[in-house]
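Given as structure tokens, the chain that follows is alone and in the form predicted alone.
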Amino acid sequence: MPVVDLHTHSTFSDGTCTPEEVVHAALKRGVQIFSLTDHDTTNGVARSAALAQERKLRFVPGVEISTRDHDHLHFTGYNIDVTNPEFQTFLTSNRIARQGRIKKVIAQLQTAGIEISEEDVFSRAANTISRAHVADALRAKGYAPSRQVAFRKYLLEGQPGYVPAIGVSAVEAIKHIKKAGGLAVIAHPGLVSNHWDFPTWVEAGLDGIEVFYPAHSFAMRQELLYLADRYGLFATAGSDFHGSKGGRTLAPGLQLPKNHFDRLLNKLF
């Protein structure tokens, strides 16, 4: 089956590889359609696009937008106009809101007796700050052996460093993507199945579902394919690659059945 990856991250958000390194990793895996979807920024897109064009890899400009509705309720946007001033203002606003959240996280950790400073965290972010940078700082100081353990021990709901999600609503995220000329897709929906509202999202302009995702079981994929068919949405595949030091999927690229691959080609190119 064709190999696709429409969900990857670089050092411009919480990834551990440069935009070029992410492209090289995708090429090594034989990826045929690729997108860089950093959190709330498109600043790494041009670098990925340049190398992808040079290596004749089908490239789609992308972004991932977080919402306040749930920590994992995110939407990816594809073929957005990255030069759109209104959209860039929107992304900048999101990044500023993220900074406020992370400052609250750090303050709460300090209150809990954790020796961590804003400098420890913010110095790790090239562009978009995230809880992953807090986790990396905690790991560097010996409080946890990995990002994942740091999240579980300090940053998830019920833990001392947890601060609720901030940002726009799901509907607002979709509408901003559409206004920038993009296609809106719900990312890793299996992680937020208790918060699904497909009728509302479709009405707002939702175009697709990330059906093929490492954490989705066979049963989840089948349910999502049913929903895609019911609402006339296309299916995508994404690894959520954060680099070899990110502690998640170690390599980009997922297989996408040929019929969905062909539909994706028609939608994106």
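As the structure is a computational prediction, the values presented were derived from the model and not from experiment. Start at 1 with the first residue shown and count on from there.
Although it is not shown, the form predicted in complex with ligand AMP is what the next lines describe.
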query = Is there a non-hydrogen atom of R131 within 4.5 angstroms of a non-hydrogen atom of ligand AMP in the predicted bound form?
reply = yes
task = May I ask you to check whether S117 falls inside a 4.5 Å heavy atom distance of ligand AMP in the predicted bound form?
result = no
query = Within a 4.5 Å heavy atom cut-off, is Q148 in contact with ligand AMP in the predicted bound form?
reply = yes
query = Would H72 show up as a contact with ligand AMP in the predicted bound form if we use heavy atoms at 4.5 Å?
reply = yes
Residue among R139, R124, R95, R101 with a heavy atom within 4.5 Å of ligand AMP in the predicted bound form = R101
task = Heavy atoms, 4.5 Å, ligand AMP in the predicted bound form: which of 108-116, 77-85, 171-179, 131-139 makes the cut? Say which one.
result = 131-139
ask   = in the predicted bound form, which residues of 15-43 put a heavy atom within 4.5 Å of ligand AMP?
value = H39
